[in-house]
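Okay, so here's just one chain, in structure tokens, the form predicted alone.
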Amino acid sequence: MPSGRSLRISQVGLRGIVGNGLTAAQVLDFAAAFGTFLDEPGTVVLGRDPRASGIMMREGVVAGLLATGHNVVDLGVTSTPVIQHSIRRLEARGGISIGASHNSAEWNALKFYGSRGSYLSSGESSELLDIYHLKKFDFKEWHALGQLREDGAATDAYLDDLSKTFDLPRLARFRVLVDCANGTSAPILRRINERFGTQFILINEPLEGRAFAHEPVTTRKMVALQLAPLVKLVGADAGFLFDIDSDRVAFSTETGHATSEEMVLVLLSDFFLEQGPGKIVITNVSTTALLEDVAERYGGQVVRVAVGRQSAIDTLTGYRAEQVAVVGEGTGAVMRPSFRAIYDGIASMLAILTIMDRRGQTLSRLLDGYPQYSILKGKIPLKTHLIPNMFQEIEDRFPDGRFNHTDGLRIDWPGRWVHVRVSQTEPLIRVICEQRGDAPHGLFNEVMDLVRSYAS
């Protein structure tokens, strides 16, 4: 049996280290389960990131979908947002993205989308999991198998929609340094430069399947190490760093200051709340409390849910699109319901450049307008059977706080909070701690030490 450290099967989908947990048989079965879940035969859109294992996984996915009677449109190597966009454009029944986002090269994953291009709801994901575990697949006879075709128009069709939302020729006045992390943002940004004359200067641009230039995480630390030192050197107005599948982004100011990934959602919430009509920001319990300050400026409301995109999607369905300003995470993943409700790092980058243009301010000046919050994030290897004991000890250690059990355990005090939870995508315990003003090193270290005592 593969260890829990190298394979995760959950409502989020299938994710693991290929060959040491995630196998070709599991890929085939999950694809067949998805084809069975979709019930009526139709079109399914498929795309992948450049990981070396993606070709193997692509063959399994295609086989499973064709065997259950679905036609497959293969977009090849492309970003997850382009896959989601294409589902709607092609009026497909759903889609599958092959790619492990911010994980290192040995990992890969399958992510599933419905006919609107958004993540499956919790109920839909549970149904898909049931089909997978029961292995009751609806395989068709030879004359009812699906057909496979490729689509080379996906990127330009996606850019057509971006150009309706953002004034790309106007944004061409900005000189922008972009770290593509050897991922799918590179071909898209090259095409934007060609079509609209934008000045995106790309580094770590070649698509790479085995040895990424650096860990593809959108964190302030990675921005500081890989991107920020170069921004001022090349005279850029801003710098942006993407993960492999381009749904997350982080940034550096023109001064070379690496900014917390939390600030992507803060900036976009400020902008879209001001624009209206939506006054609701949907985010999770791990995201910065600065959002409440921003929402208060516009008479808005922050709705906090469990971590995970399914929780956000489930909550979003309870509102009309015009009620919601923005949906996002503190990881640099943000969507706007009016733009196809897709977590899209490139759209987020263009929105930040639009804010700079419309307000006539540099990134550093924009950030200076917010009160200071300091957030610390840590992660510790998981030991599942000790989790309940760990949470109980944390509660016992901090009885004066306000407890929130929405997702793991969050404890709040005036001006600061700490959140401890089990990751859905990696075999880790995550600890996040924030305080208004200076960083809460004392509280953070105390909780990290307590959690670490259970993981050793």
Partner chain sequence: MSRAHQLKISVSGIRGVVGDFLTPNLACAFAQAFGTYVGPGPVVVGRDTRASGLMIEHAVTSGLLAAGCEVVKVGIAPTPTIQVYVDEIRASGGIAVTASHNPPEYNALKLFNREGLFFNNYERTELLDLYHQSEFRQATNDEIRRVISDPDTPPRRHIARVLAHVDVEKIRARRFRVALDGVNGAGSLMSQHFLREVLNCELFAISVDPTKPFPREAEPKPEVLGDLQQLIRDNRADIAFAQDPDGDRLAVGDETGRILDNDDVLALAVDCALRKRKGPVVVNLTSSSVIDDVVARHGCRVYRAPVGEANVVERMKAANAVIGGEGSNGGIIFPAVQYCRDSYLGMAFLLERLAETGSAMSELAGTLPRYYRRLGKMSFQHGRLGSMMQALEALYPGAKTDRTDGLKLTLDNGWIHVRASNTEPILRVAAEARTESELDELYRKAESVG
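Remember, it's a predicted structure, so these values are computed and weren't measured experimentally. Numbering follows the first chain given and starts at 1.
This next part talks about the form predicted together with its partner chain, which is not shown.
Are all three residues Val18, Asp29 and Ala105 in contact with its partner chain in the predicted complex, where contact means a non-hydrogen atom within 4.5 Å? Yes.
Would Pro41 sit within 4.5 Å of its partner chain in the predicted complex, counting heavy atoms only? Close contact is absent here: in the predicted complex, Pro41 is far from its partner chain, nothing within 4.5 Å, heavy atoms only.
Gly209: touches its partner chain in the predicted complex, heavy atom cutoff 4.5 angstroms: Yes.
In the predicted complex, does Glu141 come within 4.5 Å of its partner chain, counting heavy atoms only? Glu141: yes, in contact with its partner chain in the predicted complex.
Even though the partner isn't displayed, in the predicted complex is Leu148 close enough to its partner chain, meaning a heavy atom within 4.5 Å? Within the cut-off, so yes.
May I ask you to choose, among Phe137, Tyr298, Phe339, Phe196, the residue with a heavy atom within 4.5 Å of its partner chain in the predicted complex? Among Phe137, Tyr298, Phe339, Phe196, a heavy atom within 4.5 Å of its partner chain in the predicted complex occurs only for Phe137.
Of Ala67, Leu428, Met390, Leu409, which residue is found within 4.5 angstroms of its partner chain in the predicted complex when only non-hydrogen atoms are counted? Exactly one listed residue reaches within 4.5 Å, namely Ala67.
Segment that reaches its partner chain in the predicted complex - one of 209-217, 226-234, 341-349, 159-167, heavy atoms within 4.5 Å: Stretch with heavy atoms near the partner: 209-217.
In the predicted complex, residues of 39-64 near its partner chain [heavy atom within 4.5 Å]: The stretch touches the partner through Arg51, Ala52, Ser53, Ile55, Met56, Arg58, Glu59, Gly60, Val62, Ala63.
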